[in-house]
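Only one chain is included here, represented as C-alpha cells and corresponding to the form predicted on its own.
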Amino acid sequence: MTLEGKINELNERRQKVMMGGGDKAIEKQKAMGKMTARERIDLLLDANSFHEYDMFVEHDARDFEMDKKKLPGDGVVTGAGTVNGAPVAVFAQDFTVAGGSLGIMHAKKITKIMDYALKMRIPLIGINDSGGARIQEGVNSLYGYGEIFFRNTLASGIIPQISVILGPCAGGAVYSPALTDFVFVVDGVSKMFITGPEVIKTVLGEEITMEDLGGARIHSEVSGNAHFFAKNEEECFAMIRRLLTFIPWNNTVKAMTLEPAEPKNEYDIEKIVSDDPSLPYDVRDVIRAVADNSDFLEIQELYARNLVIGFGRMRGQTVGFVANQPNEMAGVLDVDSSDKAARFIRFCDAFNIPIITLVDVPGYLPGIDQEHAGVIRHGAKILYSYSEATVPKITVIIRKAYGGGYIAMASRHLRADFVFAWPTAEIAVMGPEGAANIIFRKEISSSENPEETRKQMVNDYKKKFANPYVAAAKGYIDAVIEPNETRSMILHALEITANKHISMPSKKHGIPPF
C-alpha cells in the first residue's frame, strides 16, 4: 500500500473512532440535552489545541459476548491541550459508547493521562459521563477504579484536579470526583449517587427521583459535594476556564499575574458595614471593596452560606478569601461551614496562595443537632487547617469575634502573620449581653430594678471588653485600622510576607480530625 493509501486508512480509522457509538447514540445523547465527549473538550480548551492520545485502544474483554463488540476508544477520550494558553491534561467519558462504562482498558487510558499530568506537572480535568463499572468485566472494573483513586490521592496537592459531572456518576465512580479539588455540576444534567433510586426502592421501599437523590442542586446546596453550579454546559466550561486563571498549574509555581487594578468605586467599604452591630451586611461586598477590580470568584456559593470562600487578586496576584457571612445565620460557624473552610484553606496552603480572613463571628452554633452532628470534630478541622498552613495568613476583624470562633478564624494564636481590627471590633469570650448576665448575675437579681441594672452592666462590659484595644494591648492585634485602610494594610502585609518561610516539626504527616 502506498503512503497515500496508508494515510487514507488512518483517516478512516480516526473517523470511525470519532463517531463514538454512532449516529443513533449521538442523537440520543443530544436528546438528553448533552454534548458529545469531543464537543465538550473543544468547548473547554483553546481552539485547535487538543491532541488526542490512545485513540485506537480497544477493550480486551471476552465474556458475555464482549469479544463481538466494538467499543471505539473504549468509551473515553484522553489527551492534552491548552486553556488560556497553558497546557492541561483531560479525559472525557463518552456515554455514546457502552454508556461510558468503565472497563480495564478504559481505566488504563484514564490512569495513563493522570500519570502524564502528574509527571508534567499540569492540571488534570476529568469529564465524567458514565453508567459506572462495566459489569461484564467484573473485578477488572473495580481494579480500574482503585487505580484511579490511588492516583487522585498521589496527585493531591501537587497538581490541581478538576472534575466535571455531565451525566450519571454512580457507585464507585463518585469517589474519584470526591478526591479531586473542585467539582462542577450542571443543572438537570449532573447526577451523583452511591445507590440509585431502584436500589433505594427495593431496600427501603421509598420512591425517589434521581434528581432529588443526587442532582446538581442537591450536591451544591445540601451535600456540599459540588463546588460550582452551572445552568448549562457552556456556562460550566466558561467557569472552569475562569477558575484556571486564579490557580497555579502546580505546587511549585504561582498562578498567572494580572495587571493590578483598584477596586470599583461602587464598593465603599465604610458604607457596607452598618454602625449597628445587630444589622447584617453582605461580606462579599467587603471582599469586592478590597480585591483588584472588585473581582471575586466564590466557591461553594450555595452551600453553608454562613461562610464565604473564594479567590480574588491583590496587586495582580491570587489570594484566597475566607469570611464569615453576617447575612446568613449571623456568620456563625457550624459543621458544614467548618468543613467548607478547612478544605479551602488546605488547598490554598498546598498551592502557595496567601489567605485573607475577614472575621465577624459570634462563635460556634449551639444546639443538640450540632452537637450530635459532631461540631466538636468538624469545628476542629478549621483550627487544624489554619494552624497547619504555612502560607501568608492575614486577618481582619470587622465586628464580632467571640469565643472559639475568634480563635478559629485565623487568630494570632493559630499563627496568623498579621491581625488587624476595625474600631468596631468586639473581641471577647462571648457577647456583652450573655457575659453580663453571667458575671453580674447576683447584682442584677438583687437590684431593685433588675432590667435597668442589667443594661448598665452590659454597657460597662462593652466599654471594657467589646472593643479591639484590650487585645491590642496584649499584642494579639497588630493594628487597629480605619475601614478605608483595609486594602492598603492587606497589601502591606502581603508585601512583607512575600518571602515567608517557616519550618514545621519533622513528621510523616499530621492526623486531622477527619
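Quick caveat, the model's predicted, so the values are computed rather than measured. Start at 1 with the first residue shown and count on from there.
Only in words, not in the display: the form predicted together with a small molecule, which the text now covers.
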(message) Each of 330, 379 and 415 within 4.5 Å of the small molecule in the predicted bound form, by any heavy atom, yes or no?
(response) no
(request) Only one of 120, 210, 350, 222 comes within 4.5 Å of the small molecule in the predicted bound form by heavy atoms, so just point that one out. (result) 210
(message) Quick check on this chain: which one of 405, 72, 215, 132 has a heavy atom within 4.5 Å of the small molecule in the predicted bound form?
(response) 132
(request) Determine which one of 154 to 162, 120 to 128, 263 to 271, 99 to 107 lies within 4.5 Å of the small molecule in the predicted bound form, judging by heavy atom distances; exactly one does. (result) 99 to 107
(message) Under a 4.5 Å heavy atom criterion, is residue 95 part of the interface with the small molecule in the predicted bound form?
(response) yes
(message) Although the partner isn't part of this model, could you tell me whether residue 136 comes within 4.5 Å of the small molecule in the predicted bound form, counting any heavy atom of the residue?
(response) yes
(message) Quick check on residue 32: any heavy atom within 4.5 Å of the small molecule in the predicted bound form?
(response) yes
(request) Using a 4.5 Å heavy atom cut-off, state whether residue 296 contacts the small molecule in the predicted bound form. (result) no
